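The chain below stands alone, shown as structure tokens; this is the form predicted alone.
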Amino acid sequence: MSNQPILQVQEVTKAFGGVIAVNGVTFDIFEKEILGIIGPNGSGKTTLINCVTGFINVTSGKVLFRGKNITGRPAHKIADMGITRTFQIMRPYYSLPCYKNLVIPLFSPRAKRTGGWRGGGKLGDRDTVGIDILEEIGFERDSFVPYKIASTLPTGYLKRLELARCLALKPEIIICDEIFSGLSMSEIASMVPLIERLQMDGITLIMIEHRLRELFRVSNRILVLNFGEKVIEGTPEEVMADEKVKEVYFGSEKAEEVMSHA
């Protein structure tokens, strides 16, 4: 990992009327790092990520990407810079075949500028490249699955399709909003190595997650939110040993149970 942060979130606050959803949150993430973000429901996790990715405007504070202030930029501009995301509620083009969901981001300015997925200076046939990406994230190339209409896919494949659409943009950062949610244990077991491989390929990841055992396995650091504020930031072991985390999130018995299986 680099000694210089790739992304800096500085005192970000987001208020909806009189309700403060995120309150002065600060953190850095470094290249090739995996940062997990956890907290109770309603703690501000997704709102924070929406601020980072430009889906909502911050009330105050800054977001810096490679030292450049990207606060207030629209979501498509931030994605074009290389910060992509998945969604808790998946948003594929439901009426299109799976591989055609990849053709659309492959026509994006970023894909054209960077030479497409895996580089090489040429995009080639976008249908073929789309199928290549799907194969990389777990679709069986020789099966009919890449050609199925997206609306017919089960949750496990839809989660992978979300990741594939991110990869089509050759991102520097992928933000995963509950990528393990709704998956069976066997699906999660196959997803964890994929996350690890993305990190080895040089992609920086931020993961919002409730499946803590799996998150602790892959994360370098954990950020805990509660009522929109940062409670603690540290290694999984440091976070789960913290008394504030035990009190506001799990209760001491639950924390000890999670850590014993992490």
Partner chain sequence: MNIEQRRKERLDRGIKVRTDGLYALMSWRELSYLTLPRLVLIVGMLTLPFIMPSMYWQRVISIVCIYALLAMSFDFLAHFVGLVSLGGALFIGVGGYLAAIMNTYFGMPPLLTIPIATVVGAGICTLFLLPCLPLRGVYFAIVSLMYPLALARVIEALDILGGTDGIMGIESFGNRWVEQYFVILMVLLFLFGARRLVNLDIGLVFRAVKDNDQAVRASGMSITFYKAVAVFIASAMGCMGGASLVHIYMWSGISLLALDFSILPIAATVIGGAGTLVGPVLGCLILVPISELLRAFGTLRIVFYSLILVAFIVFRSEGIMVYGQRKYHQFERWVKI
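Treat the numbers as computed from the prediction; the structure is a model and nothing was measured. Numbering follows the first chain given and starts at 1.
Quick note: we don't show the form predicted in complex with its partner chain, though the next part is all about it.
Student: Heavy atom within 4.5 Å of its partner chain in the predicted complex: which of S184, T152, S143, S95 fits that? Just give me the one.
Tutor: By the 4.5 Å criterion, the partner-contacting residue is S95.
Student: With the cut-off set at 4.5 Å between non-hydrogen atoms, does D80 touch its partner chain in the predicted complex?
Tutor: D80 belongs to the contact set for its partner chain.
Student: Can S190 be called a contact residue for its partner chain in the predicted complex at 4.5 Å between heavy atoms?
Tutor: The answer is no: S190 has no heavy atom within 4.5 Å of its partner chain.
Student: Should K170 be classed as touching its partner chain in the predicted complex when contacts are defined as heavy atoms within 4.5 Å?
Tutor: It does not: once its partner chain is placed as it appears in the predicted complex, K170 has no heavy atom within 4.5 Å of it.
Student: Looking at the partner-bound form in the predicted complex, is Q88 within 4.5 Å of its partner chain by any heavy atom?
Tutor: So Q88 does not count as contacting its partner chain.
Student: Which of these stretches, 208-216, 49-57, 193-201, 36-44, has heavy atoms within 4.5 Å of its partner chain in the predicted complex?
Tutor: After filtering at 4.5 Å, what remains is 49-57.
Student: Where, within 92-108, is there a heavy atom within 4.5 Å of its partner chain in the predicted complex? Residue list please.
Tutor: P92, Y93, Y94, S95, L96, K100, V103, I104, P105, F107, S108, in sequence order.
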